[in-house]
Ligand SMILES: C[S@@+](CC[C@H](N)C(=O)[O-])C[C@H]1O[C@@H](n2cnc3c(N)ncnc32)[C@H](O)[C@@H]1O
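In structure tokens, one chain follows: the form predicted on its own.
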């Protein structure tokens, strides 16, 4: 699971640009029938669907329906004006910023309804490709206060720094004072970072801050500003010492390479007891609990292979524990991640290969030497690699995904190639969001 980083800089005062006049929204009273894949309630309005944020099934609400220019393809967007009668699945959100901050979309759902909705996202995606009958395991849950990695946005205006996440469907910034999703020690850096960025950012300037909780301490990467003078670098060093940050790096933009600024202590993430030193800002599963659930599902279903291919291997989340029981060939396109895995691998039965699996997937001939394949692509899925697997004779395939829609697409490809989807594991790693992880087990009859 790899999620692309945002490319914009949010602003707390700017509004969306207007390219054409808009008609005034129409108000309507509707009843929410279901919650869709993005977390919005769905109701019927004048023969079409209308999407209503912050609602649950059974809510009777008054909404402002947007004009056709704001259509979402299969329906219309709307703003929630008033809850006239709450539905049975509604609950009080635990965060004061909910509704403004776009980080969470469904804190207002009662827990049982929320869990059922998460499972339904996976079941619905599979049903749409004709695989809705696949056996579904119970949902693995990640608790509040467990997320160990976040990408914050910051913006300086005068003598104040806004710091937080984007508002819903907006480039504006929700200035956060709390976050029940994150590890407390991660969010505890928010206020000190405001002070740091007040002295580092130019007026009107912004940056993103990637913060990761690792063994050894917190790892920070500032993405922007475009340049850092000597005084700013010295402030970053002092900040790391004062706040106990293990490592601080900087890069001018998302295309740049992180430049070390201060490295006070070694940092690592351990996979099955093996410490790996991740490069600054490297992808890591969002929580230790979520990672453990994914790894457990993979290990329980990979069988007893002699040779395994781990595709989109990253830092070795699956490759390392798999290499305790089989010879593993780990394939990854990101050079720094692969170098970190190589350096840590030691005596493990592990070989690595740098390869762009989107443009150059392993062919059926190359796959023939493996008894099992594990693949964990980014949100876009692994269309080309799934097609190659479908034409192979690999006995067992375990797919990991953070996107039920692309997982279902790739699952259909494997099924069309003769594989049977024998088990599905939903994992709720992104709490109160519309994202859900999936592990699918495929075998040849």
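What you see is a predicted model; the values in this text were computed from it and never measured. Residue numbers count along the first chain shown, from 1.
One more form of this protein should be noted, the form predicted together with the named molecule, which is absent from this view; the next part is about it.
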(message) Looking at 373, 222, 313, 341 here, can you tell me which has any non-hydrogen atom within 4.5 angstroms of the named molecule in the predicted complex?
(response) 313
(request) Would you kindly say which of 165, 98, 162, 283 lies with a heavy atom within 4.5 Å of the named molecule in the predicted complex? (result) 283
(message) Given the stretches 210-218, 135-143, 283-291, 236-244, which is the single one in contact with the named molecule in the predicted complex, using a heavy atom cutoff of 4.5 Å?
(response) 283-291
(request) Evaluate residue 417 for contact with the named molecule in the predicted complex, applying a 4.5 angstroms cut-off between non-hydrogen atoms, and reply yes or no. (result) no
(request) Give a yes or no for residue 378: in the predicted complex, does one of its heavy atoms lie within 4.5 Å of a heavy atom belonging to the named molecule? (result) yes
(request) Would you please decide whether residue 304 lies within 4.5 angstroms of the named molecule in the predicted complex, comparing each non-hydrogen atom pair? (result) no
(request) Evaluate residue 324 for contact with the named molecule in the predicted complex, applying a 4.5 angstroms cut-off between non-hydrogen atoms, and reply yes or no. (result) no
(request) Go through 326-341 residue by residue and record those having a heavy atom within 4.5 Å of the named molecule in the predicted complex; state none if no residue qualifies. (result) 332, 333, 334
